[in-house]
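A lone chain, given as structure tokens: the form predicted on its own.
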């Protein structure tokens, strides 16, 4: 029997990058997977590749009311929820002096408010299944770098959400953990990776000497979501090759 057979997994931001790799990994281990995102064409393409164990819900987790709709549709489709992966995120960077109120607000809506609302709406079903939550944060939540204040602060907030909700839901049998990627080869880091000098700096500061790949993060998510980690909660596990330890 595969590790996640008969389990239902919801992955936000599941159409590309880390979310797509995570969806692929869960499907390979027998799970039924729902992916969400804003772009229907991307979700359709990913779902087609992953096969009949996968379906999608178009949704924007930064918008009020979307969390409830996404969770309601998940339960309508499968009748249960075992794992919630909060993978949707935005990586806006830049000097604070050049950052608008709208960008600050949208960053926190996507990276913090959306996951909070999704966990709240998913909680009754996760309690029923004794399931768990995996939040995707970032090693930048602990790092200090000019131009990163808004993004790093939003991910640091999600780190602490993870710890606080682990305490809140632990007595109900629900675990809450996070995975903090380092620099990973995804669309969100494409511009940075085009800058060879900056890329070289990041790789030089990574003890394992390379960029992360989405599958590196996906494997860590599955480890935390599985029964093998059944006594692990409230942890932020860095999956960044040692970057910003």
Ligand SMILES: NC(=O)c1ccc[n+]([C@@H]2O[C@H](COP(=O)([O-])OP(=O)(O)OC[C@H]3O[C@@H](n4cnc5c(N)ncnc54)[C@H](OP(=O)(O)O)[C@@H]3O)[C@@H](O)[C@H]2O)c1
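Residue numbers count along the first chain shown, from 1. Since we're looking at a predicted model, the values are computed, not measured.
What comes next is about the form predicted in complex with the named molecule, which is not displayed.
Residue 60 is the only one of 29, 60, 45, 195 with a heavy atom lying within 4.5 Å of the named molecule in the predicted bound form.
Interface residue among 122, 134, 88, 174 relative to the named molecule in the predicted bound form, by the heavy atom within 4.5 Å criterion: 88.
Taking the partner from elsewhere, residue 188 is found to have a heavy atom lying within 4.5 Å of the named molecule in the predicted bound form. The named molecule is not shown here, but in the predicted bound form it comes within 4.5 Å of a heavy atom of residue 18. Although the partner is absent here, residue 54 is not a contact residue: none of its heavy atoms lies within 4.5 angstroms of the named molecule in the predicted bound form. In the predicted bound form, the named molecule lies within 4.5 Å of some heavy atom of residue 183.
Heavy atoms within 4.5 Å of the named molecule in the predicted bound form map, among the stretches 97-105, 162-170, 122-130, 80-88, onto 80-88 alone. Residues of 25-49 placing a heavy atom within 4.5 Å of the named molecule in the predicted bound form, in sequence order: 37, 38, 39.
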